[in-house]
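Let's start with one chain on its own, the form predicted alone, as structure tokens.
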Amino acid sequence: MKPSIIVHGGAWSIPDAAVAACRAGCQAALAVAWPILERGGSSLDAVEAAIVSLEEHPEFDAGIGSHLNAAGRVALDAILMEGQTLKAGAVAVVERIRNPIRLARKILQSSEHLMLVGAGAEKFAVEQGMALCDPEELITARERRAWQQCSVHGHRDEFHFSPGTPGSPSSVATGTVGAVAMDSQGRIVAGTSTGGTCCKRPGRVGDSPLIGCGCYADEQAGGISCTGWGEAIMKVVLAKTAADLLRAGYESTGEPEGAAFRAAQKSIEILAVRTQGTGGLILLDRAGRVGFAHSTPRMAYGYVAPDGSFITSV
């Protein structure tokens, strides 16, 4: 079976100055993940590698460069889910994990629980041989300055743009990141990672690490990673909604071309009608065909086309 992968770097009102950095981040994620799939590696390895790459790019709201909560601290969430087994590992509200997607995988593979949070998650990480980082390593000058301005004036997107060269990698912060891959064995894996919303209340958990909300994978339907307004996404269980639409389409009409895009678009329409919320998602159907949709002005994403070329857009 031909492998497939799609990634995203968040859906929001991404300004012109951020477009180049967002596309470069998605390109870099594909560049590290696609060779894994090309040489017959697993979708789990590919999704983890793609999301680690995105977490390491300070222009995204995940890992390094994440937004700060109201207390001026990072609080990171992530999830990985396997479509073949429906096993998942999720982590929330961690402050000392440089790449929370790596901890999500540890939970998936080595814990009897699906989700661990806060200090308990960090203790598990140490037990699994992961090193804890200084929380300050995850905070960029841009986000510290943005937090200070938001604390005084209320949140505004423009506070997350640094003065200096427009479009430079350190000048903007965007959104949640995610990836969905299918390997040559037909195994589908989805993952999502985020720093959450700027100035969120300490202890807040959004949609990203919640199974069926920010992420879902089922080999009978497909794999999905979401981004956007978490409180709205949770209300309609957006990732599971998209999976159910894919499954219903297979049962009624088989697997026509364009089904993945129709399921993605219908899911975003449901989000808008039922919650008046905005967001976006990427997905692969069970045949590995890509789909994506968003109701925000822009969404950063990239995928590998059937001819092996990288397609990125914002």
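The numbering used is simple: start at 1 and walk along the sequence shown. Keep in mind that what you see is a predicted model, and the values were worked out from it rather than measured.
From this point on, the text means the form predicted together with aspartic acid, which you will not see here.
K.L.:
Report whether the minimum heavy atom distance between residue 143 and aspartic acid in the model of the complex is within 4.5 Å.
P.N.:
Judged by the heavy-atom cut-off of 4.5 Å, residue 143 is well away from aspartic acid in the model of the complex.
K.L.:
Although aspartic acid is absent from this view, report whether residue 197 comes within 4.5 Å of it in the model of the complex, heavy atoms only.
P.N.:
Result yes; residue 197 sits at the interface with aspartic acid in the model of the complex.
K.L.:
When the contact criterion is heavy atoms within 4.5 Å, does residue 292 count as touching aspartic acid in the model of the complex?
P.N.:
No, residue 292 stays farther than 4.5 Å from aspartic acid in the model of the complex.
K.L.:
Using a 4.5 angstroms cut-off on non-hydrogen atoms, would residue 83 count as touching aspartic acid in the model of the complex?
P.N.:
So residue 83 does not count as contacting aspartic acid.
K.L.:
130-138, 104-112, 228-236, 178-186: which one contacts aspartic acid in the model of the complex at 4.5 Å, heavy atom to heavy atom?
P.N.:
Heavy-atom contact with the partner occurs in 228-236.
K.L.:
Which residue among 87, 204, 73, 96 has a heavy atom within 4.5 angstroms of aspartic acid in the model of the complex?
P.N.:
So the residue touching aspartic acid in the model of the complex, by this definition, is 204.
K.L.:
Counting only heavy atoms, which residues in 1-22 are within 4.5 Å of aspartic acid in the model of the complex?
P.N.:
Sequence-ordered list has one entry, 12.
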